[in-house]
Each structure stands twice: as C-alpha cells, then as structure tokens.
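Take a look at this single chain in structure tokens; it is the form predicted on its own.
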Amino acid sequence: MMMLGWTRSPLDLIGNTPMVKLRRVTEGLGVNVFVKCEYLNPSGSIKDRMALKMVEEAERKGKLKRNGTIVEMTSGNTGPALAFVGSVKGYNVHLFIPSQWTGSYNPENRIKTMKLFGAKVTPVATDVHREMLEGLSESEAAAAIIAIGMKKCYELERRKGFWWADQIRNMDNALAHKESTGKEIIEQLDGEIDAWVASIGTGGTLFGVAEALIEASVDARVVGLEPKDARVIEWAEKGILNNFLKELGVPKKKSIVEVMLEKGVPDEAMTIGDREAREMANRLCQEEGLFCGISSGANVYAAIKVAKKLGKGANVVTVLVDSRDRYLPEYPNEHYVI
C-alpha cells in the first residue's frame, strides 16, 4: 500500500488542482471542454491562490507585519480565502461584505465560513449613502456598494497595523494566476488550448491565465463573462467604479480590469444570466458529479458555447471556481455573482 506524504502547512495545499474532461454535458458535440477543479482548494475556492500571493507580497514589501490586520471588501470568495490564509499566518482579518446586493444574493454561508476561520465580518451599510444610490441601474448600484466597502478599507488602512488587500486593484492578484493557475493549465493540456473562458470579477483569474498563455505562445481565444447585474467591463470603460471612489474620497488607482482592457484582453465578452448559470451548475452536480457553484455553471455554459463556435475537436478550458454549498441559502434561486 502506498503511503501518503505530509505537508508542513495547509497553505501548501493551495493549487495543483486536478483537471477533468466533461463527458455527459458535452455528449454528442464533438468538442473537448476541460474544467480545473478550483473548489478543491483549502478554503473552497480559486481565491486561495491570489489571497496567498497578495499576503506574501505584502509581507515581502513590509506592508503587512506581525500582529497586523488584513482588511478587504468582498462579495463572495475572497473573504473566506483571506480569512483562511490570515488564520494560518496568524494575522487578524476584518472583512466587509454587502448586506444586500444584486438579485437573490445571500452571503450567509460565506459569512459563516469567514467567521469560522476567525475573521471579523462587518456588513456594508448603505443608509448614509442613500442619495448616491438613488436612480442607479442595478449594475451601477452594485459598483456603488463595492465602492462604499472599499472606502471603509481605505480608512482602516490609514491607521497603523492595517493592510488593505485591495483585490480589485492589486496586480499581485493577476500575477498569482499567471504564475500558478495559468502554468498548471498549460502543463496539464500540453499547451493544446483553443480557448480560455472565465468569469471576470476582479479580472485576476481571466487576465493572469491569459498572460500565461501569451507568454507560452499558446494561441488561445480569451473569453470573459459577466453577470447581467454587475458589468465590470462597463464599470471600467465608463469609469463608473472610479467615479464612486472619487466621490467617496478614495485615491485613484488603475484596476486590474482597466489594465486588462488596455492590453486587449479579452477577445470576447459574454453576459450570462442566473438561469443559464444555475441550470448548468445543476447539470454539473447531477451528470458529472462536480459539486461546484453558480459562477462555475456560468463558466461551463459559456465554454460549451465557445467550443461549438470553434467546431469539432476544439479544446476549451475553464475553471470550477467554488463549491455549491456557498450558495445554498439562495436555493433554488441561486445568484451568479462576481
């Protein structure tokens, strides 16, 4: 019987996730859709990769020191990831999360996870910003609420002992995926990749992997996805998020999405609705045995569409971002959230 080895730290369990070729949901299409099982990371999502990279770079640069506090605004998976990394490394973690956001959004399970890892979690109250939120579209209101949470992080970071991860504007987020996720994907598929598909969110995953593909001279089409009620490309192109941050007194800094767009990534952007994402996530659970969440469903739904366009024999890769249990408080109307 082969003996299993051991690891010095749970942080060593981040990454090197398996790749699975889908069978039943692509049956009869003549295409190959591969999914990287990122929900198998220790805290349950792909965000473990960037959380560790951002924290370790902050340590290296002297921005995060012993007994320090990590602060961040999160709508979903970054919170548990930072709480996990912070707990292992011995830092305090203070997270802000929307109390109400878009669609049927209910972060109850994500909040429980953050707290179980020892983080302090504060809901973002919008009452004092009623005037700013009046007359906004759903997508604009989502950006405004993110900006309000970012202001709280900025205010804390100005105090001694606090470090703001600033995932939306921290390029170490994208670098994590260039150095790990992207390289793993290329190795696992021997560079035979016709398209790379992923939800945008902060832009870190999509852009980081895209940069790895470009650096390795892999000629793959890059397709980014957005929910209908949180159009982050529009936030960047029209300066929507930056305008809210300026109004709130947060200094300007380019976001990852802005840098990504300047470099011509993605080649194509798609908008995916809750129903399509949810139905595909259900199929992945029931037909493939993959217990992944709603953004993973969106990724696979889009990956199949892209594969069909590319034609028979195409190799399309995407990621299963997180686990389904994060969305259970919303069941059966789970929301596709960035």
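Given the structure is predicted, the values throughout are model-derived calculations rather than measurements. Residue numbers here begin at 1 and follow the sequence given.
We do not show the form predicted in complex with a small molecule, though everything after this point is about it.
Engineer: Is residue 43 part of the interface with the small molecule in the predicted complex - any heavy atom within 4.5 Å?
Structural biologist: Taking the distances in the predicted complex, the answer for residue 43 is no, it never comes within 4.5 Å of the small molecule.
Engineer: Although the small molecule is absent from this view, report whether residue 316 comes within 4.5 Å of it in the predicted complex, heavy atoms only.
Structural biologist: Output for residue 316 is no: heavy atoms all beyond 4.5 Å of the small molecule.
Engineer: Do residue 86 and the small molecule come within 4.5 Å of each other in the predicted complex, heavy atoms counted?
Structural biologist: Result no; residue 86 lies far from the small molecule in the predicted complex.
Engineer: Taking the small molecule as it sits in the predicted complex, is residue 80 in contact with it (heavy atom to heavy atom, 4.5 Å or less)?
Structural biologist: Outside the cut-off, so no.
Engineer: Which of these stretches, 158-166, 184-192, 93-101, 199-207, has heavy atoms within 4.5 Å of the small molecule in the predicted complex?
Structural biologist: Heavy atoms within 4.5 Å of the small molecule in the predicted complex occur in 199-207.
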